[in-house]
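First comes one chain, alone, set out as structure tokens in the form predicted on its own.
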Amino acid sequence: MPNRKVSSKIVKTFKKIGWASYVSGLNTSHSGNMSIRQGDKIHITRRGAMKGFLEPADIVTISLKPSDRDKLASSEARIHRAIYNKTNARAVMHCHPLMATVLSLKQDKIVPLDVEGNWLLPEIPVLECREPTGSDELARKLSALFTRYKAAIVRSHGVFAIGETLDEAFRCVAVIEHSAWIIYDSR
């Protein structure tokens, strides 16, 4: 059944970015999540949705305040909500890129060596959390980081990025992964 609360333009954007995150290897078949804020509403991927093959029903609309609809949304919905409540972000992207995650195991920050990476994100903090997925701790720490940064890596978990648009947040994730491979290969 189509999600009538979400415009066809938003569905198209989610499908495009979901497909791009899957084919570029930034997510596995069911990993990651993304959202767009519109006023006091958040359009977010459904829990367990295949990002490379999203359908309108895979986009859930929730509020900026917790509600019963949250159980349909991504398990990281509280993280997205905390970011929107603390920043001016209009979009949030979360992916599980391989090399950025590998580097996060040994480094406290990533400093891109390549021109594009260093221009877009001169420093990417690596965040340590006891509970690195869907926790209040992650929501609190990550939303505080996003008052100063556009992206961060959660140690052993993956990348979160914000933007004015989902395209912008996706670009940050893609550039981080590209820069992570350059760092790794240069060693």
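Since we're looking at a predicted model, the values are computed, not measured. Residue numbers here begin at 1 and follow the sequence given.
FYI, the form predicted together with a further copy of the same chain isn't displayed, but the following is about it.
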Region of this chain that lies against a further copy of the same chain in the predicted bound form, out of 50-58, 35-43, 65-73, 144-152 [heavy atom, 4.5 Å]: 50-58
Could you work out which of K86, H96, R78, R90 is the residue within 4.5 angstroms of a further copy of the same chain in the predicted bound form, going by heavy atoms? H96
Hey, with a further copy of the same chain in the predicted bound form, do I10, L121 and I124 all fall inside the 4.5 Å heavy atom range? no
Verify the contact flag for L113: yes if a non-hydrogen atom of it lies within 4.5 Å of a non-hydrogen atom of a further copy of the same chain in the predicted bound form, no if not. yes
Heavy atoms within 4.5 Å of a further copy of the same chain in the predicted bound form: does H157 have any? yes
Is K109 part of the interface with a further copy of the same chain in the predicted bound form - any heavy atom within 4.5 Å? no
Distance check, T133 to a further copy of the same chain in the predicted bound form, heavy atom within 4.5 Å: yes
Though the partner is not shown here, which residues of 172-187 have a heavy atom within 4.5 Å of a further copy of the same chain in the predicted bound form? A174, H178, W181, I182, Y184, D185, S186, R187
